[in-house]
Ligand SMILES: Cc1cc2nc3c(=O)[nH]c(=O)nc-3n(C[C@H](O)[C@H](O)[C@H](O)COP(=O)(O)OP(=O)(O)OC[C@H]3O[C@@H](n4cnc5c(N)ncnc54)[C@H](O)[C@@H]3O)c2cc1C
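Listed next as structure tokens is one chain, alone, in the form predicted on its own.
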Amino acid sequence: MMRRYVIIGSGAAGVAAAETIRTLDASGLIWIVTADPDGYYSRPGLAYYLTGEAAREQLYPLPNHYWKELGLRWHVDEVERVDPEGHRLVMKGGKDLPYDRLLLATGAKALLPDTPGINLEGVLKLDTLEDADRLLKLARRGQHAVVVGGGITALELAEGLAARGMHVHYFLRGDRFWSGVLDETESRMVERRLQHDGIFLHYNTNLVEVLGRGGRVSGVRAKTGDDACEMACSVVAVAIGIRPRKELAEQAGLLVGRGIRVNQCLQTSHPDIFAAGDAAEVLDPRSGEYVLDSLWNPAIEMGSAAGRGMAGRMTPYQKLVPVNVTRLGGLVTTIIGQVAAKRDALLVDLDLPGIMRGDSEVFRQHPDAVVAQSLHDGSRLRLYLSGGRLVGALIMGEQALSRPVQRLVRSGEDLGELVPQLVAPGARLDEKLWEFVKN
């Protein structure tokens, strides 16, 4: 009989699993179940869609006929519950969907603060393409917007609203941007570029209340130190982090932690149910801890590993050192491995109580030694060393060293005599690295 595969979630992990299953099982029935009417699109591309650098159709990396050729069936509906013993999904639309193997690629959802007025029309987040469409609909040239939160998503919101001609006020609860990952020099580099683009930064500022009129946002009440103020605005955009969607797993009695806990082959505590992507909590072999990732490439890698297991080819997921290449205030930035600015980084980053999209908890692990250098062209290079090896790096601006540094971090190569050269006072890190990789 044909094996029935059901995948909940239409993101990178779910689609990668479907593609992998099809390479191993030509006749199996594959369903993707999603509550997102827009299906599969590039989540990283939303930043470029908001600024107008990418058209909506460019967010779809695969043509419609691809799904038919893959033999994939789509079901747009919300899952009410999973019945592991009956091997079926109970749908909110009233339909039961049976499965032999199930993948929970349910992703993560944006958190909203417990702030009065947060449910007013005009409060925005950036979970989906639908959210991005809503933002573009509400953005009005010449009007004021407030952005609250930290990290990459907050910048996507601030830059997107500014690109649409809005006067953007960015509230930072601390004294600098993304203090859990960036050091002070890097934070200031990003902040200067935001200010150059006309974005107003408000440090040590807390959102106290979203004010409304007729059910819509009309302004905010904020507090800076002991001073309170009100500000008129038509949009409030929030990015304080994300939380794995683990509710279906909990309801089904599966083992969960902060996410859906999986073994090395991405099986949950039920042998016929797997999990992958932002929702999965996986073991980091370097630290021995279970961690969450919200990165595009690890989601694809997890989805592929889960797909192999679902098709009967159990293969341990090889968790690689996380890498994200992103834009921060227009500066191309590569973040690799362990780059926590401080040992207590998770405590001091007031804008992000958890991780956000484009983030990994591995980024916030702190190694033994840190060396950093600001380069003559306005770029920045920061290296993290532990036990004679390079375990993390941040490269901001010029990216020529990005690939060699990624290779060094991922290989775990012993740097030998290079280490004392890197930590020597006044060392030119870029020159020393180039000499090492060329030899």
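We number the residues from 1 along the sequence you see. Because the structure is a prediction, the values reported are computed rather than measured.
Keep in mind that the form predicted together with this ligand is not shown, yet the notes after this line are about it.
Of the residues A299, I199, L172, V210, just one reaches this ligand in the model of the complex with a heavy atom at 4.5 Å or closer; this is A299. Exactly one listed residue, out of L46, L408, L401, A393, brings a non-hydrogen atom to within 4.5 Å of this ligand in the model of the complex: L46. Heavy atoms of A35 reach within 4.5 Å of this ligand in the model of the complex, making it an interface residue. With a 4.5 Å cutoff on heavy atoms, A17 does not count as touching this ligand in the model of the complex; it lies far away. Residue contact with this ligand in the model of the complex: D100 places no heavy atom within 4.5 Å of it.
Taking the partner from the other structure, this ligand in the model of the complex has a heavy atom within 4.5 Å of a heavy atom of D127.
With the partner left out here, this ligand still marks one of 270-278, 253-261, 176-184, 114-122 in the model of the complex; by a 4.5 Å heavy atom cut-off that stretch is 270-278. Taking this ligand as positioned in the model of the complex, the residues of 1-32 that bring a heavy atom within 4.5 Å of it are, in sequence order, I8, G9, S10, G11, A12, A13, G14.
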